[in-house]
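The chain below stands alone and is given in structure tokens; this is the form predicted alone.
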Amino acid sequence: MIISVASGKGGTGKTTVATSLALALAPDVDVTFLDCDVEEPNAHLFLNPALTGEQPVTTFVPEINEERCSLCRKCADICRFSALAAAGKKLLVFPELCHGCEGCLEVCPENAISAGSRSLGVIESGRIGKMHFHSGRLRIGEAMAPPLIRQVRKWENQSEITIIDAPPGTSCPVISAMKNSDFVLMVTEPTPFGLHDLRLAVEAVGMLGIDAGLVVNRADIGDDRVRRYAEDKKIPILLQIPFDREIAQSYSQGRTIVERYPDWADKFKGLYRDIMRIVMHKEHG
């Protein structure tokens, strides 16, 4: 079971929900937690894993053998991201623009291109008790998050529960984090901004064809337009978290909801049971 926890915007409490769900389930079942919010990973602040290793992640960039290169421009013509360009009698490479498709390798008639690499970032791994933890951290200045997210997702385990903390928003990194999940748990808040970005998130999840449900955070503020929207779109609201000063204070101290209020562990276990019922119902028609 792979559950992606996502949000249309930052600041809704996505990581709070993801880490609380993981901690509530971990005493009873095997859990793997993947922090795929690689531009701003912060799940480790709440889970406090004992880190056991760090894996560098690189991506392909072309290296040019100038003695073999005939400046035929075929590599530059196939590159849709302008990572290669012929200038005078020299072929220029712009590594930061390369998307790693390796098309230039395939079309070069002179075998003048070989596989180089550039750093994308690292994956930190560890444990919280029995829970496995893996977190991607994008290199400062690197713009391409999806390849690193895909590497983090290689640690997912279908034989146990994998919880993915996805990036906020609806761009390519979010799609990479949610794709092929069994369920997407969207965290929102009952505000005009929350509703606007929830609509975008629902569209993205709909294109992927994944079942989804909502957690409404700070549920007792704002208005009821998020609830009306969820009802109209037939998206179940699986959990509502009240606006609570002590929860906010605990968050600022790096403590999850289930640590501040142990009785909420049962509510998060119930959330998981509801997710299972939805997924099983779809599988059995």
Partner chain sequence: MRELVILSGKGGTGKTSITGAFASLAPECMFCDADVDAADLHLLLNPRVEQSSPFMGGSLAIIRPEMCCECGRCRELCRFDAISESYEIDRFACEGCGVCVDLCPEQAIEFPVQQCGEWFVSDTRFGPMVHARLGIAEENSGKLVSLVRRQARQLAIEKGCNLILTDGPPGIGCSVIASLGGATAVVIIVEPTVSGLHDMERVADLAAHFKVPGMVCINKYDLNEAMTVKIERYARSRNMQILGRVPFDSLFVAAMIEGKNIFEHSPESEAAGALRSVWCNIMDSQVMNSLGIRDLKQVIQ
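If you're wondering where the values come from, they're calculated on a predicted model, not measured in any experiment. Numbering follows the first chain given and starts at 1.
One more form of this protein should be noted, the form predicted together with the partner chain, which is absent from this view; the next part is about it.
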Considering non-hydrogen atoms and a 4.5 Å limit, which listed residue (90, 80, 73, 130) is close to the partner chain in the predicted complex? 80
Among 66, 28, 223, 232, which has at least one heavy atom within 4.5 Å of the partner chain in the predicted complex? 223
Want to guess which of 232-240, 49-57, 34-42, 256-264 is within 4.5 Å of the partner chain in the predicted complex, heavy atoms only? 34-42
Please state whether every one of the three residues 155, 187 and 217 places a non-hydrogen atom within 4.5 angstroms of the partner chain in the predicted complex. no
Report whether the minimum heavy atom distance between residue 204 and the partner chain in the predicted complex is within 4.5 Å. yes
Spell out, yes or no, whether the shortest heavy atom distance between residue 10 and the partner chain in the predicted complex is within 4.5 Å. yes
Residue 109 within 4.5 Å of the partner chain in the predicted complex, heavy atoms: no
Would residue 137 show up as a contact with the partner chain in the predicted complex if we use heavy atoms at 4.5 Å? yes
Could you pull out the residues of 152-174 that have any heavy atom within 4.5 Å of the partner chain in the predicted complex? 168, 169, 170, 171, 172
